[in-house]
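Read the single chain below, which is given as structure tokens and is the form predicted alone.
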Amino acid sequence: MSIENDTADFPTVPDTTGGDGRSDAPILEARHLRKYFPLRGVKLFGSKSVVHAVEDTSLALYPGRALALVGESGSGKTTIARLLARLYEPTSGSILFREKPVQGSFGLKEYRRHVQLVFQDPFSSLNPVHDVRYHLGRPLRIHGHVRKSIQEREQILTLLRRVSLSPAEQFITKFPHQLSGGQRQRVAIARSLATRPNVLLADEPVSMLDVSIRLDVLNLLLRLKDEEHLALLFITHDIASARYFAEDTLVMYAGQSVEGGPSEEVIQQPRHPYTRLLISAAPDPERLGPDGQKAAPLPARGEIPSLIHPPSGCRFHPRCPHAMEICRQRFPGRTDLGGGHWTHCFLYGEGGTGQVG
């Protein structure tokens, strides 16, 4: 079946959000995703070695809400986004869009109309030989939103105004090299909006921008989330940004999800030692130690492990100051902490012996 002609039906679901903004059913859901990347020409004991990029990760995105995916570089955040965007196929697990399983190439074009990805690097995500009109007009034409040139121009101008690029008439003829980093990222966001998506996957959308304009782009995404009722995945290594931006937070380490729940709960009452390490590394002038002096960050205790030969059990145990023997033997089950807050840690269940002090 040709992808270009594939128009599988994804029925519209009525708005069933409650008072907290969460709908009864997620619009996009991942269940027990795993992704292994084989290494060419590398074999271990007669079998090919693989990179264990994502291990048994589940998440759900709801209309009008943002989920922050937080972790160090190499933790699997971008791989998750590309799995959800269907740039990669999962090794195992399933992806559901509006409670309908998504498999293979079936419905790929229609799926990507509803689920769009904003890449991290605005300097490489735009083609340098094409102007802004081409970048925004192409998705409009591919997905049948325009038929005439005058319609295309009007909708492109509208898109530019929605991402605060004004006067829009001056930007429509510009090439990427004539734009600043922030302007390029706004064009990339406008290109994603051109398909009229329900889900926006933002892969560290501000990490390559000047500090002075990061907040503007974050506020733009928040405004679009509220106005368009978008389900938004916000990928970041900055847990402070997650608290500002997202209602919910999921913390990942070396391909494993270790803690999640409402952002305020996860950041104010972190339970997993890795989450505590992330928070201690974030600048906070108000964080004080027991003596009233500025608290020192927790020791890093090494680096993220190799995902070709990952540690057994909980992958954080070589760096964890609270590691027990059972942590080396198997990955802990999920412990619900109340209020939607949960963690995978033996300190709180599955044979735990105490609390983190």
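Predicted model, so just to flag it, every value in this text is computed and none were measured. Residue numbers here begin at 1 and follow the sequence given.
Another form exists, predicted together with a small molecule; not displayed. Remarks below refer to it.
Candidate site formed by 110, 116 and 196: none of these residues places a non-hydrogen atom within 4.5 angstroms of the small molecule in the predicted bound form. When contacts are judged by a 4.5 Å heavy atom cut-off, residue 238 does not count as touching the small molecule in the predicted bound form. The small molecule in the predicted bound form comes within 4.5 Å of no heavy atom belonging to residue 186. Proximity of residue 249 to the small molecule in the predicted bound form: non-hydrogen atoms within 4.5 Å are absent; the residue sits far from the partner. A residue is said to contact a partner when one of its heavy atoms sits within 4.5 Å of a partner heavy atom; residue 78 meets this definition for the small molecule in the predicted bound form. Checked against the small molecule in the predicted bound form, the residues 244, 175, 88, 134 give one hit for a heavy atom within 4.5 Å, which is 88. Put simply, of 154, 228, 121, 72 only one has a heavy atom within 4.5 Å of the small molecule in the predicted bound form, and it is 72.
Only one of 123-131, 78-86, 260-268, 136-144 places residue heavy atoms within 4.5 angstroms of the small molecule in the predicted bound form, namely 78-86.
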